[in-house]
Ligand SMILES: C[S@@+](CC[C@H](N)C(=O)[O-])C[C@H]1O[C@@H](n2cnc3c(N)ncnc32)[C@H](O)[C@@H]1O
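For reference, the chain that follows is the form predicted on its own, supplied as structure tokens.
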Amino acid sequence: MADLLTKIAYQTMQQGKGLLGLVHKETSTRLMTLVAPEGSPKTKPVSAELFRQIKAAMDRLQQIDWEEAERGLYPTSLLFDAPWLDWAARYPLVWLDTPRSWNRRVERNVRDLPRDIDPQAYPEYYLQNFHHQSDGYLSDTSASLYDLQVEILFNGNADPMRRRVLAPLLQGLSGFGERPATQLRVLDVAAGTGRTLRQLRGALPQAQLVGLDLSHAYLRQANRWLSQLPGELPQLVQGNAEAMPFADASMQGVTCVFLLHELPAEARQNVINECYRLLEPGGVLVLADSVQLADSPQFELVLDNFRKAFHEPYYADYIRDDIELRLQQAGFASISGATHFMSRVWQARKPR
């Protein structure tokens, strides 16, 4: 009975987050349509059948999320790890920030960044307003709103999609079963505000966790979120994923969530190559990112609308890219992939 009640509570919570996302996006879309400049890319209406397919994919994701927690891959408490009070306080700030996003879209201004940053400290492709996000990824304001904005975008399914890296990661780490858990080192590349690290800590309570991100502001937010967790605080490091400041073969596991689609093709390959370098032979890399046309052709309209509604300069290239080939070119073997809702997850191993 307790498990049934917990499952009902989980489903109710997901429905509540989904409703919030739908209402917010519907209102925002109507307002953005009113202020869209002449000649700006126009999104296309989504059919009732496509909505049904999206809803079915979302339901399957939530079912897998529940089943993996029920099997003990991660604690059930992770399913409810949402900072509701904090989000409630920040939600008005999301709305107050919306006009700035609209203005950037109208003006086609994708370089509206804080004036106090040093542009030499970042790669050129990073210095723009992804998603028309205020300040790009370069301010505390941006970092404080990001998690809520992503949950709204994915109708409350951002964390369930992030958790899809856990099962393949745990499977890959089982190859080091002779080692104490405290000697396993797992790196999360592009850790952002630390949401994936929270999932990793729940599944790997004793492992050494490391998070790397290019944004000082997002790492500060990650430190605030992760300091609330019991146990050892993950090590947070500022750096470029194309040249990570870690020794060769120093990690047994590497995760990377929602980064590749925001990189130009050359940087995409560089990051994968770096992940290979950092892994100990036998180690596992788990990538999670947007679905692609090859695995989800039925969502082509949704992917195209996403690219048009949000500033995603490398997305059109990413959804046609061959990530498995890139993994092979880096040296990885035992490559496999799976699709969950709007995310694609790849698992690859560095040969022993």
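Just count from 1 along the sequence shown to find any residue number. For clarity, every value in this text was computed on a predicted model and none was experimentally measured.
The protein also exists as the form predicted in complex with the ligand; that form is not presented, and the subsequent description refers to it.
Inset, instruction - Spot the stretch among 234-242, 170-178, 96-104, 70-78 with residues whose non-hydrogen atoms come within 4.5 Å of the ligand in the model of the complex. - result: Going through the listed ranges, the match is 234-242.
Legend entry - 4.5 Å heavy atom contact, G192 to the ligand in the model of the complex: Looking in the model of the complex, residue contacts with the ligand include G192, since a heavy atom lies within 4.5 Å.
Inset, instruction - Spell out, yes or no, whether the shortest heavy atom distance between D135 and the ligand in the model of the complex is within 4.5 Å. - result: Taking the distances in the model of the complex, the answer for D135 is no, it never comes within 4.5 Å of the ligand.
Legend entry - is_contact(R162, the ligand) in the model of the complex, heavy atom dist at most 4.5 Å: Looking in the model of the complex, residue contacts with the ligand include R162, since a heavy atom lies within 4.5 Å.
Inset, instruction - Give a yes/no on whether L263 approaches the ligand to within 4.5 Å in the model of the complex, heavy atoms considered. - result: It does: once the ligand is placed as it appears in the model of the complex, L263 has a heavy atom within 4.5 Å of it.
Inset, instruction - Could you spot which one of A222, L212, L278, L113 gets a heavy atom to within 4.5 Å of the ligand in the model of the complex? - result: Only one listed residue qualifies here, and that residue is L212.
Inset, instruction - Any residue of 79-116 with a heavy atom within 4.5 Å of the ligand in the model of the complex counts; write them all down in order. - result: Stretch hits: zero.
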